[in-house]
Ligand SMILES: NC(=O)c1ccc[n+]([C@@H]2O[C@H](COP(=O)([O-])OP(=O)(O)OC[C@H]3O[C@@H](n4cnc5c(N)ncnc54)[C@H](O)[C@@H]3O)[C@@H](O)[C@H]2O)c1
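Here you get one chain, nothing else, as structure tokens; it is the form predicted on its own.
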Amino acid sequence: MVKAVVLGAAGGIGQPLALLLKANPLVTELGLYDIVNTPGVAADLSHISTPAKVVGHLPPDDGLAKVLTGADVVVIPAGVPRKPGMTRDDLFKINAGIIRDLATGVAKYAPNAFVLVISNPVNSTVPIVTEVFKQHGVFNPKRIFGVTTLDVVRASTFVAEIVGDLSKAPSIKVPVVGGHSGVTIVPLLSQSSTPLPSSVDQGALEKLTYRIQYGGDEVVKAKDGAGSATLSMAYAGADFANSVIKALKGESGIVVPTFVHLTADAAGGEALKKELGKELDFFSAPVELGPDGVKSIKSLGKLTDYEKKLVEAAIPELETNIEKGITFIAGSKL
């Protein structure tokens, strides 16, 4: 039995994410929560002929407590999307309060659940969730994840385009490390399971790296103010949730990049800090998942000189983002 919960289930990411989780045969119960429309979304999904029983709750009548009770996996896409002209700082101010309040609910009603944070900016919202859990005395670093899978999905797709065979996209694996915004996104293209063609010179490599880092802007611009990367994010979120659920049920050997607190694996985290040459609390690295969450944090492997420079450029921004989340909670009343 696996109960998955989506907080922010009526939104642009939440609805397609809930649909994909309803279609997952490993999910036996699906709980949906949002400030509007959730009962309707739940009723709609409940007609789909898959095993998961669907329930939807709104804030009144202890809706958050009801939806979270018994949850095994909690996916949080709640918040407002980034709009044209909106900086990530603008986005942070709005979404930080939303995430703080939802994290408080999870800490109270589902403290042992795996928490998958999608809400942007992930580099700051994951530290917010962590600090809330610490204040409630239920922090387990092995069970809190920042979902960076969209960067991995984009990297796989864009490499397949360059190779000239999109049928390879599902099988192409490119580790993407660092964080989940702009310069903090570091695709390790030298480690792509399908090597880039020899025709890809340094200039083309830099263009591809930039496209992976700023793919979200590409979607925002194409939607002309009508939204951001909702469908691809929902796919990526459901894909990562599936990895967590499979590990929870005992499947071994699942390694995926995700933004985690480096104490989740003390030895692996310390080794990674030495690789980075920096004392960071959080970093997105390849992580092996197990029944209890993070089983081990892996090395970044052999980096090219170009990739080393990308990692170096990511670290100061990551430090700022992480501190912003921690500082927000320090100034909040829980």
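Because the structure is a prediction, the values reported are computed rather than measured. Note that residue numbering follows the sequence shown and begins at 1.
There is another form of the same protein, the form predicted together with the named molecule; it is not shown, and what comes next is about it.
Each of 36, 118 and 228 is positioned with at least one heavy atom within 4.5 Å of the named molecule in the model of the complex.
Contact between residue 243 and the named molecule in the model of the complex is not found at the 4.5 Å heavy atom cutoff. When the named molecule is considered in the model of the complex, residue 178 lies well away from it, no heavy atom lying within 4.5 Å. Contact check for residue 98: a heavy atom falls within 4.5 Å of the named molecule in the model of the complex.
Taking non-hydrogen atoms only, residue 233 approaches the named molecule to within 4.5 angstroms in the model of the complex.
Interface residue among 122, 144, 103, 155, judged by heavy atoms within 4.5 Å of the named molecule in the model of the complex: 122. Just one of 128, 186, 159, 150 comes within 4.5 Å of the named molecule in the model of the complex, counting any heavy atom, and that one is 150. Contact annotation: the named molecule lies within 4.5 Å of heavy atoms from the stretch 90 to 98 in the model of the complex, the single such stretch among 90 to 98, 129 to 137, 251 to 259, 198 to 206.
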